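This document starts with one chain, in the form predicted on its own, laid out as structure tokens.
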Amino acid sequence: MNIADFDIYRDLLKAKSGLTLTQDKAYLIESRLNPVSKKWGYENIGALTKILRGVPPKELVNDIVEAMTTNETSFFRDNTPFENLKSKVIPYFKQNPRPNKTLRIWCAAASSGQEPYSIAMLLKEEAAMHLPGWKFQITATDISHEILEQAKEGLYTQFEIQRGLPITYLMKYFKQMPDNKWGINQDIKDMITFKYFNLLDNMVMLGKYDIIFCRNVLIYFDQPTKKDVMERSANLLEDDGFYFLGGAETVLGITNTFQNVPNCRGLYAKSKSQHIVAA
């Protein structure tokens, strides 16, 4: 692919999703967009690129963005954030109850649902012991309509189940379904609202949260976009809330809005907050 054609896709992805596509990832364009070309009746990527030079249909642009979005995820991915949620965050809220005993969580870039379902199952377990009578409202968002539909179904293959899900959780919160799939129980599904959301859009409509998970998505953004997303996310976070990033992500050198919770990799609080001492 020549540079001029590559730039069309790079600029489109940056404008529509914030994703930064570098030249060394140019091979992904053909491998991921060939099915999109065929779906729309174009002979090849060249024909698709020609359409993008004009005013392409909005639906076509959405299909391109969805195809180029990475949806790598698994249950209890990296484990550390869930340990921090269990050992640091939940004990803090136990000592500092929310109004109406309601904890609000935003899970950004939720992909096919493993992360928000992992959060919901962990909260279900902890509620019985530490937060009796509490309600949990989890909002899970993603930029892909297709992947959100999969997440809402809550159906997973044996391979997906085996990636990180403890056997005790499988037995307690899933039912075996036809075609060797596993379906998550309705009471866990009821804890989560899945909705479409682009991190470049106005976040005010999402409301306020006690906990925000924004893991393993900012690594695909350039520095200014990371800063913008972090600082706008901070406006949604309660003053004594908690902000989770992925293990390879950091706020250092990007923004002063957050500070690391001591001895908790990937866990942050607002810079002016004092509650991290108690966490």
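This one's a predicted model, so the numbers in the text were calculated from it and none came from an experiment. Each residue number is its position in the shown sequence, starting from 1.
There is another form of the same protein, the form predicted together with a small molecule; it is not shown, and what comes next is about it.
Enquirer: Are all three residues 105, 233 and 268 in contact with the small molecule in the predicted bound form, where contact means a non-hydrogen atom within 4.5 Å?
Expert: Checked in the predicted bound form: no contact with the small molecule for any of the three.
Enquirer: Looking at 124, 181, 152, 77 here, can you tell me which has any non-hydrogen atom within 4.5 angstroms of the small molecule in the predicted bound form?
Expert: Going through each option in turn, the one that passes is 77.
Enquirer: Could you tell me which one of 237, 29, 217, 48 places a heavy atom within 4.5 Å of the small molecule in the predicted bound form?
Expert: Spelling it out, the residue with a heavy atom inside the cut-off is 217.
Enquirer: Against the small molecule in the predicted bound form, would residue 144 count as a contact residue? Criterion: heavy atoms within 4.5 Å.
Expert: Answer yes; at least one heavy atom of residue 144 falls within 4.5 Å of the small molecule in the predicted bound form.
Enquirer: In the predicted bound form, does residue 95 come within 4.5 Å of the small molecule, counting heavy atoms only?
Expert: It does not: once the small molecule is placed as it appears in the predicted bound form, residue 95 has no heavy atom within 4.5 Å of it.
Enquirer: Is it the case that residue 221, even though its partner is missing from this view, gets within 4.5 Å of the small molecule in the predicted bound form, heavy atoms only?
Expert: Looking in the predicted bound form, residue contacts with the small molecule include residue 221, since a heavy atom lies within 4.5 Å.
Enquirer: Would you check, heavy atoms only and a 4.5 Å threshold, whether residue 118 touches the small molecule in the predicted bound form?
Expert: No - in the predicted bound form, heavy atoms of residue 118 and the small molecule never come within 4.5 Å of each other.
Enquirer: Just one of 169-177, 197-205, 96-104, 130-138 has residues with a heavy atom within 4.5 Å of the small molecule in the predicted bound form, so point it out.
Expert: Selected range: 197-205.
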